[in-house]
Every structure is written in structure tokens, then in C-alpha cells.
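A lone chain, given as C-alpha cells: the form predicted on its own.
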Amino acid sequence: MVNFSLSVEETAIREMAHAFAEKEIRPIVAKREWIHDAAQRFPWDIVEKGSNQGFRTMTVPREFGGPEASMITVALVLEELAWGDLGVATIFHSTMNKVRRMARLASEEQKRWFFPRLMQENRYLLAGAVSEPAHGSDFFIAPEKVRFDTTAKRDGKEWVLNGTKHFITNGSVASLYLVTATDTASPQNSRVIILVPKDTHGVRVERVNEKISQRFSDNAEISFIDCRVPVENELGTPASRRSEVAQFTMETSTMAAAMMLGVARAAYESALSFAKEKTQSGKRIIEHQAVGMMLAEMATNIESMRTMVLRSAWEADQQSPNFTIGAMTKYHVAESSFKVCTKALETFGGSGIMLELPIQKYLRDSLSAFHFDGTQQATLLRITNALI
């Protein structure tokens, strides 16, 4: 029988994440997100506090001291962190999903090197260096056909990396990059993933991008110039990487959807509270049908989003998941989050675009959803290919 209730443990973790977002994240957002210097704006204090709560390491396997949280638990936590601020949630999300990838693909020697560092250092963040100026959404449509411009060439006992990656989450603050590149020595120029510590000679942060949404999240362009790392830094094998990519993509889509649910919920709750307090023509505006119907539509969208996020998270933890559900969830939640945030802002009338109110921020943040894990059009093509 289908059970829609959360376990006692899941409820407790969700409540802990909500309390953290309410106490530690929301109070700093309004002023701090507009600090001009990106380095000063980046919330290292929140990263450290969140690490002490276990958010950064919640997907670490039990054998290395982590809780090895289920995808449902991860989704619940990310929803609450995004309710506090999408940028903060994105910082943790980028590390959480790479940790799950490391658990699947890393050799035992790599795991013994990596996981202790991750557990001990509260500022140890991960970044996946995939997107390039000429390659991004195409990787999510047909990954087997993409030949990245960033190259990895074997030279004795080392890999030599050359190329540029852009729009990299945690790009200038990560301790370790998972760099996807073209293996020039392979017969089909197939992909390889190389683990590159940030302090490796030849790694250069070219710039940190400024954004109108998820302002706390670091997003950067990274160059690898004759960057040498040991051959042992290759993550996985060609076979294991091929078999794992669908799982990884589903997980990232599910996490992204959970965060956008958090943004939509924050916008809806803000609009609902406002509509119950604001009066017009002698009655609360929620009692005006035009406003009440918008709130009803928002509430319905949020319930639909939540159902799909939990279904996708459940699927991701199954032995043979329906990978298409992940793409469908990402697409639907991205569209619905934007709709909810737009309607929520409309509820506020002219004051909705005023910077002193948070509702304009939620609408800005909702725009991020259209480019998580590829564009919406790329996501639809993934679904189409599955149907074909």
C-alpha cells in the first residue's frame, strides 16, 4: 500500500533544517545578498554552521562516518534550506550530489583519501566542472555524443588537463573539482572524469559571475592550463561512468526540484500571510475572489510539486529506478515554481517589486530553475527520447 507519511526520523530532520533556515539563513538574506564583493558575500559562516548540523556530509556513506541519507531525506533538507535561501541550498546541493557520485565511482584508495577530509574540514566543498562555452544542455540530452573541448591527455603517470569550464557552482570556493573532459587517447575520444584539487598548479579562477538569483551561491569560470594530476585521480572506469550517469542525472534533477519547491513554498506562504492581513474595500484581500483564486492555484501547484519531488526521490533510491521521472519532475517543478512565484508577487500588487519585501527575491530565484541541469527544452528532449 502507498504511504504518504514521513517517518519520525525524516520529520525530525526536516524540522531541524527548517529551524536552521529560519534562525540562521533568513535573518542575513535581505542586506547581505547585495554585498558587491562576491568573496565577502559568500556565506562561509552559514556553510560552517550547516556543516556542524550535518547538511554538507549527509550523503557520506556510513562506513566513513556519514549518515548515508536517503534521497527523500536529502530532498526534505534541500527544500527547507531553499525556503531560507536558494543560494545557500545550492552550495550544499553541489557537494551532496558529488558525494553520492564519489561513493559510487571512487576507488577504495580514493575514498580513504577523500572522505576523511570531507568529514573533518567544514569548508570542504565540491564542484562539478562540466559545462563549457560550447557544451552544456547537449550533455543532458545525449551525453554519449558530447565531445568536450576540455581535454585530458595521458603523459606517463599523469593526466594533463587543458580547457575552460563556465557556470560552475562553487567554482571559486570548492576544494575539489570533478572535471569532465575528453580523453584524447581513447579511440572514440570518450569522456573521463578527473579529480582536481583546487590548489593544483594550472587551476585558475577566471571570474566569478554575478547573477540576479541565488546570489549567495558562487558561480565561476575556471581554466585548466597544463594542469597535471596523477593518473590515480581518474574517477571510475569508462564502463562504470556510463552505467552511473543516468542515476547521477536523476539525483541532481530531484535535488534541483526540491530546492525550487522550497522557493515556491516561501513565496506562497508570504503571499498568503499578506492576503490575510491586507484589507481593500472593507475586507481582507484573500476574500476577494480574484486574489483567493490565485492563492488556491498556488496551493494546488505546490501540492503537485511536492508529490512529484517525493516520488522522484523515492525512485532514485530504488534498485531499478524510472529515470524519466527525474526529468519530468525537474521540468514540472521548474514551470510550477515560476508560476507560483509570479502569482505570489501579483498578490502584493505594486509593492511586490519593492526591494524591502522578499517576494521579489523569490521570483528572481525561481528563474534559476529554467537552467538547472540543462534548459527546460533539453529536459523535454530527455523525456521525448525516453518515450521514443
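Residue positions are given as counts along the sequence shown, with the first one as 1. Remember, predicted model here, so these are calculated numbers, not experimental data.
Note that the form predicted in complex with a small molecule isn't included here; everything after this is about it.
Asks: Can you pick the stretch from 267 to 275, 236 to 244, 208 to 216, 284 to 292 whose heavy atoms fall within 4.5 Å of the small molecule in the predicted complex?
Replies: This holds for exactly one stretch, 208 to 216.
Asks: How about Trp314: is it within 4.5 Å of the small molecule in the predicted complex, going by heavy atoms?
Replies: Contact check for Trp314: no, nothing within 4.5 Å of the small molecule in the predicted complex.
Asks: Any chance Ser137 has a heavy atom within 4.5 Å of the small molecule in the predicted complex?
Replies: Flag for Ser137 set to yes.
Asks: Can you tell me if Gly163 lies within 4.5 angstroms of the small molecule in the predicted complex, counting non-hydrogen atoms only?
Replies: Because no heavy atom of Gly163 falls inside 4.5 Å of the small molecule in the predicted complex, the answer is no.
Asks: Would Gln377 sit within 4.5 Å of the small molecule in the predicted complex, counting heavy atoms only?
Replies: Gln377: contacts the small molecule in the predicted complex.
Asks: Just to be sure I understand the contacts: of Asn301, Thr151, Ser131, Thr73, which is the one whose heavy atoms reach within 4.5 angstroms of the small molecule in the predicted complex?
Replies: Among Asn301, Thr151, Ser131, Thr73, a heavy atom within 4.5 Å of the small molecule in the predicted complex occurs only for Ser131.
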